[in-house]
Ligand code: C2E
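Presented as structure tokens, the chain that follows is alone, the form predicted alone.
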Amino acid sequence: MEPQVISLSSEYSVTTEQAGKLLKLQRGILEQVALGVDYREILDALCKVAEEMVSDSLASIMIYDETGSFLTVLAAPSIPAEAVGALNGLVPSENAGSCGTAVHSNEPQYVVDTRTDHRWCDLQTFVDSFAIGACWSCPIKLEEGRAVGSFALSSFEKRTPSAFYKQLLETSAHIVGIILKLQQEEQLLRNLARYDVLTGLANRTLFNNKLSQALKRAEPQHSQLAVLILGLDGFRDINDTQGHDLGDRVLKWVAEKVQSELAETDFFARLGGDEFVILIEYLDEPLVIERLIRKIHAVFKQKIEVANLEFSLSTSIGVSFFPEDGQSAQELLRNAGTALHEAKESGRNCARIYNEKLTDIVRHRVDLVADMRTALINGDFILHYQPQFCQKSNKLLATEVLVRWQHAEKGLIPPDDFIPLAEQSGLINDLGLWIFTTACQQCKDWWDSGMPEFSLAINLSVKQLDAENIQKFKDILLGMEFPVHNLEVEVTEGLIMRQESLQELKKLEDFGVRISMDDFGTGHSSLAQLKHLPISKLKIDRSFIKDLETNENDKVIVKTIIAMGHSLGLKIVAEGVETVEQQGYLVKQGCDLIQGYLLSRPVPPEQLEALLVQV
């Protein structure tokens, strides 16, 4: 990708040779950004290049601290450590040297003689200690135009800046602003790998790390710890009847209320969905857990008031102890989860402590797997289709196929309840092949009957990405003469980052099938890695969409994903779009396709057929 080139300001008159040097500086630094070099290394390199272009000078970059109260040195590779220490803590004002004054005034400051200039009158000790003769500084600004720091060149002698030197300062400060903005956005994306976007709590990954660390501390000290998993009773009903937006607000309420009942040493996280988990270290007596359970249940005796509505919820709790119930984080979480299921089976709104006799859940899972085998034979699985619409015309251009299970006794079972079991049992291969074959044949029949073509998106599990399954997919497509250019497979961000998965996906891509990355932003890939992946489309996870109207961080993330995706030639799909305001922001940012309840819920084949007739 060609790096961005910043146009030179017309305010300064520089020679063609000097302009070339500035452009070379910009290209060199921005190429390092594109290559993913650590931003501190890039800033050090920028300082050194500037010093080479201005002989006998020292470059420095200062930015506000986290509180926005004073400036600290971010980069100054050639300045002695004691001088850096003296600069740290500088408070911007009209007499705070070149850098502090530049930040305070939001304008460049060119001090020719630090010993006589009023801007340095309060810093004469620093001038004497480090023999600073001249100092030129330019404010570093972000998009909103507010100064967040300064880029400076200092000299040991009195010195007047030429037009070229002024342009160098302005250009360097502008580049630093770009780098800092990108760093902020990358930090937001990195935090997504460790924290739950909705509640701000730690997520499953971070909790697993904390639990593993706690076990390392507990084992040599022979201390006990406890894991409590909380599952909200009846939360799905709120989601189904009131919508996900209101359901999300309920989850936030739960997170805040439960957190307020915990000790500072307790670690609280959201596992996902309506499940939360608590880690209690250095447990000296079991009554601590009993008291905590009572406090948590007391929280749910309150009415939940959200959006002028009142709800009643209860919570079931499963508990496991180290070392009695497991030696690893995985065992403790699994056994606490088993205890949670027992609590729900026992009538909900109660707690259960794990013991080895809790076999009902295991038996239930075995029965459900057996029922799945029968369902595959009897044809009890059905397909629904989630349309994707062009953001400019609202026309249906693609559809994602979704599977449902019409159980003879339990009714319609959602995929979240049986897909994990299908993966664990190995039935995902048979189920996945049925989904693939049925969806492709259905679409082929539609197109053969004269209906307009569209893209068919099919989700693949990690268990399906092996050489045998990939060959079966290719044989199915060849056998029915399916127009491969209309097919794309969706894989999760975590799945596509696995090397073995990439090899199999490349086979499908070579065959003509397009690859789409689902739930982008929730895993561990970075924007810089996308150019190396065999994908043509990104799906922005709904967790970034639902608060677009109010959450500035979500707006920045969505805007960044769309812009960077487009720069790599990728189509962008936003899922979970439920409001006109969300759609409006996505349209403004150039999102290509929109999927969500605003335009259409998932529909059975006959309803999708009706939509296609309208196209």
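The first residue of the sequence shown is number 1, and the count goes up from there. Quick caveat, the model's predicted, so the values are computed rather than measured.
Unshown form predicted in complex with the named molecule; subsequent notes refer to it.
*Asks:* Taking 4.5 angstroms as the cut-off for heavy atoms, does residue 459 touch the named molecule in the model of the complex?
*Replies:* Although the named molecule is absent here, residue 459 would touch it in the model of the complex, with heavy atoms inside 4.5 Å.
*Asks:* Is it the case that residue 172, even though its partner is missing from this view, gets within 4.5 Å of the named molecule in the model of the complex, heavy atoms only?
*Replies:* Close contact is absent here: in the model of the complex, residue 172 is far from the named molecule, nothing within 4.5 Å, heavy atoms only.
*Asks:* Determine whether any heavy atom of residue 415 comes within 4.5 Å of a heavy atom of the named molecule in the model of the complex, and answer yes or no.
*Replies:* It does: once the named molecule is placed as it appears in the model of the complex, residue 415 has a heavy atom within 4.5 Å of it.
*Asks:* Is there a heavy atom of residue 577 lying 4.5 Å or less from a heavy atom of the named molecule in the model of the complex?
*Replies:* Yes, residue 577 is a contact residue.
*Asks:* Taking 404, 435 and 542 together, does each of them reach the named molecule in the model of the complex with some heavy atom inside 4.5 Å?
*Replies:* All three within 4.5 Å in the model of the complex.
*Asks:* In terms of non-hydrogen atoms within 4.5 angstroms, which of the given stretches 569-577, 35-43, 59-67, 554-562 touches the named molecule in the model of the complex?
*Replies:* Selected stretch: 569-577.
*Asks:* If the cut-off is 4.5 angstroms on heavy atoms, which of these, 476, 182, 419, 299, is the one near the named molecule in the model of the complex?
*Replies:* Contact with the named molecule in the model of the complex is made by 419 alone.
*Asks:* Just give me the single entry in 275, 400, 342, 233 that has a non-hydrogen atom within 4.5 angstroms of the named molecule in the model of the complex.
*Replies:* It is 400 that has a heavy atom within 4.5 Å of the partner.
*Asks:* Within 583-600, which residues come within 4.5 Å of the named molecule in the model of the complex, counting heavy atoms only?
*Replies:* The stretch touches the partner through 596, 597.
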